[in-house]
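A single chain comes next, written as structure tokens; it is the form predicted on its own.
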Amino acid sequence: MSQPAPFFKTLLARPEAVLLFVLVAELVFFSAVGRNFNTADNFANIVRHSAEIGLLALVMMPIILTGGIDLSVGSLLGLCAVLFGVFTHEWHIATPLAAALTLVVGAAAGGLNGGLITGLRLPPLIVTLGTFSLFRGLAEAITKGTMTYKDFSPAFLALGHERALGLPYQGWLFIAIAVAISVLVHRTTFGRSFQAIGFSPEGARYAGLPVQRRIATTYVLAGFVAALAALVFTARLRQARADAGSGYELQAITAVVLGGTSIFGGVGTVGGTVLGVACVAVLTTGLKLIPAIALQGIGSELGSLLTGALLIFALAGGVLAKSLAARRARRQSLAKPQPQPIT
């Protein structure tokens, strides 16, 4: 009779538990060496500066869960930010309607990704790499590379700077989207099909699931939330410009993979993604508050370097874990006694 696995061994096998330990270690370290790190204002700033990346990570998770990828979300954020500026400043549309139009454009752009991937059966990596350049190029063409839209309404700018119950508005928005995505992915039959598709698209198709339609839905959702992140970004910076969201796709993917979502699809949780976002946000912000690093002005560069290293580490760890699991299964099948032929 096999003995149950020890509690701590089982706990540490979960990526969420490991990430929680890493997050606590980061908080302790930066509280000790960082200048004014352990303050309410700094934690509010962390929430403000990580909200857009967090929103992108939340909708990247269902895409990766199905075995796909979206490299265009950062560029789409920039395009939607610019279009919001065009709607309000050049077309003189009221802010609420301009925001709604921006969300529609974002969903349509996500639908373009989904349509190319599912309709023409093109690889997600190639399609979204193409729209990565397309969306950024459109944003730069609209602004001619130099134009910046400013002077938005105070009510809109409150989204980026005001607080409710001590938490910035972006934080409440992130929580609301996280809860909605969690319910969708983990509590509904529709969302749980993403995991089945990631495990085996052919198996899901034979089970009667509309695989292509479900995959397309994840890209439409990503486009919608990318547009929402563009509004948050614009409100926080008080301006809309073509380079908004540059590099955000890398940080979003890093947060998702760090959170335990397999890059091969089929495995992942929203809770792990939230912890991944928190780890990346605390790391990138905490580095800027270390006096020696802040003095040399290399906090952003070092943060990007470590974020890339974390992504490589997480990807390598996922591949290694899959390889070890396959090897263990093969060894167990060989060790299993074979039935003897009847004579």
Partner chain sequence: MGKYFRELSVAAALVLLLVVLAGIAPAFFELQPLLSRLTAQTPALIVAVGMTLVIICRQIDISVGSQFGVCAVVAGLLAAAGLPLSVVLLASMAAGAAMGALNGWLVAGLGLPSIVVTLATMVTWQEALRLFQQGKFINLPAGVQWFGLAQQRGQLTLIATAVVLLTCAAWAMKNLAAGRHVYAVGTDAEAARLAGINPRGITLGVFILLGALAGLAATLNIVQSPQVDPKAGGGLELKAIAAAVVGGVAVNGGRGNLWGVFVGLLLLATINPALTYLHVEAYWEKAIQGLVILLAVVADGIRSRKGGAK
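Positions refer to the first chain, counted from 1. From a predicted model like this one, the values you see are computed outputs, not experimental measurements.
Missing here is the form predicted in complex with the partner chain; even so, the following discussion is about that form.
In the predicted complex, the one of Ala40, Val28, Ala292, Ala309 near the partner chain [non-hydrogen atom within 4.5 angstroms]
None of the others qualify; the residue that does is Ala309.
Go through Ala141, Ala164, Ala155, Ala176 and name the one with a heavy atom inside 4.5 Å of the partner chain in the predicted complex.
Exactly one listed residue reaches within 4.5 Å, namely Ala141.
Partner absent here, but in the predicted complex, which of 268-276, 84-92, 250-258, 216-224 has residues with a heavy atom within 4.5 Å of the partner chain?
Among the listed stretches, the partner-contacting one is 250-258.
Can you tell me whether Gly145 touches the partner chain? I mean in the predicted complex, with a 4.5 angstroms heavy atom cut-off.
Gly145 belongs to the contact set for the partner chain.
Please determine whether Val33 contacts the partner chain in the predicted complex, using a 4.5 Å cut-off between heavy atoms.
Residue-level check for Val33: no, no contact with the partner chain.
Contact label in the predicted complex: Ala44 to the partner chain, heavy atom within 4.5 Å:
Although the partner chain is absent here, Ala44 would stay clear of it in the predicted complex, with no heavy atoms inside 4.5 Å.
In the predicted complex, does Arg236 come within 4.5 Å of the partner chain, counting heavy atoms only?
Residue-level check for Arg236: no, no contact with the partner chain.
Even though the chain is shown alone, can you say which residues of 123-149 have a heavy atom within 4.5 Å of the partner chain in the predicted complex?
Going through 123-149 in order - heavy atoms within 4.5 Å of the partner chain in the predicted complex - the hits are Pro123, Leu125, Ile126, Val127, Leu129, Gly130, Thr131, Phe132, Ser133, Leu134, Arg136, Gly137, Leu138, Glu140, Ala141, Lys144, Gly145.
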